[in-house]
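What follows is one chain in structure tokens, specifically the form predicted on its own.
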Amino acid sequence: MSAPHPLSVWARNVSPSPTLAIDAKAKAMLAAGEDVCSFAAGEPDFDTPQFIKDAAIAALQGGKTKYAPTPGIEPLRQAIADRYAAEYGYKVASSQVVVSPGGKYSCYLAILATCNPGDEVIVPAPYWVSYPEMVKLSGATPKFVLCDDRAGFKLTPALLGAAITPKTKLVILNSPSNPTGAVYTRAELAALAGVCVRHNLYVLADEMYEHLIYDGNEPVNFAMLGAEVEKRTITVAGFSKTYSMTGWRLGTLVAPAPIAKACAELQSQMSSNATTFAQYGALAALQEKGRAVAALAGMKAAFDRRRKHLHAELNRIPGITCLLAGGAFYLFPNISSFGVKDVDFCAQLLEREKVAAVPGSAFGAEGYLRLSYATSDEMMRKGLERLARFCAGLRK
């Protein structure tokens, strides 16, 4: 009997998500009764606001359980368009909006709609772990540009310009950033936009954490940096981080009409539509603005307090240096002084002290950790004590 055919090149070359793998291991240890402190999860530790859940329940009870239009139910698409107009002055038609089963899927659609085999996609590092794999699954090639803590974890026009080749098709920009929490200023984004326009590049602006920005700063919508910028920008956002709806799997994509149409057509063949009744929950989040603002404000205040506390405590640990993030709910401390590879550091930290963290190399930056402060104060207190003890042991 002949051997079965090998797996496809896509299946053989794709890497599983290290963040999900580490989070799953930490949860398995917890389920087994071990006292694990996890800084690995990339999701808010708050429940979805009740009024959003109630809207989805009402939709279920009202029979909203059938197929929906591929790009999303029209009331939700219009509400998303209205939201961009109200918050940023970004005026788009509902036909330019695509609702997908998760922000991750929205990013993948944007890449599939714009990139061909042989194209290059510029991916600033540290990067969200899924970007390179999505690019490879499209047949294109990720081209990494390291932007370490000396650069504030931000891409500069000079670094961008040096990475561009005749094959460059797309640039991925993520602000606020996962994994670093870095937030670009309007001036910094405008300078990058100028380079992208000059070289006729598409931009995937991943703004999933747009509403989690601290210190009185306001989010910047990349598409609104000029008419030429708008023509080449695909904006991805969603409900997961803003309203603690990670498991609902609802991402949003706003793009020039031809790209939005292409994304909808791709989605029609791959996933049909985002879950119908979940979309009614998302619609409530946008329509009931008073409740939504109050819910977000409570979460944001807790994250901000934790951000400052974690930052201060990390910098008290000899051997660790850490920048203060401006957004999201992550810090990205530098642990290179210990002379231990970050993968080994995290493995030993979990084994010896029952603390789960994600190594920076998973995000294209060796020598760092990603720590999520979307966790309880008690978990953070215990985790910091254990991390400090572990680091002291490494320095002996």
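These figures come from a predicted structure and were not determined experimentally. Quick note: we count residues from 1 along the sequence shown, nothing fancier.
From this point on, the text means the form predicted in complex with a small molecule, which you will not see here.
Residues within 4.5 angstroms of the small molecule in the model of the complex, judged by any non-hydrogen atom, belong to 247 to 255 and to none of the other stretches in 268 to 276, 247 to 255, 152 to 160, 294 to 302.
Heavy atoms of no residue among 184, 210 and 326 are located within 4.5 Å of the small molecule in the model of the complex.
Contact annotation for residue 233: none of its heavy atoms lies within 4.5 Å of the small molecule in the model of the complex.
At the 4.5 Å threshold, heavy atoms of residue 142 stay clear of the small molecule in the model of the complex, well away from it. Residue 131 belongs to the set of residues with a heavy atom inside 4.5 Å of the small molecule in the model of the complex.
Interface residue remark: residue 180 is not counted as part of the site for the small molecule in the model of the complex, having no heavy atom within 4.5 Å. None of 126, 103, 281, 72 but one reaches within 4.5 angstroms of the small molecule in the model of the complex through a heavy atom, and that residue is 103. Note on the partner interface in the model of the complex: the residue among 168, 138, 240, 221 having a heavy atom within 4.5 angstroms of the small molecule is 240.
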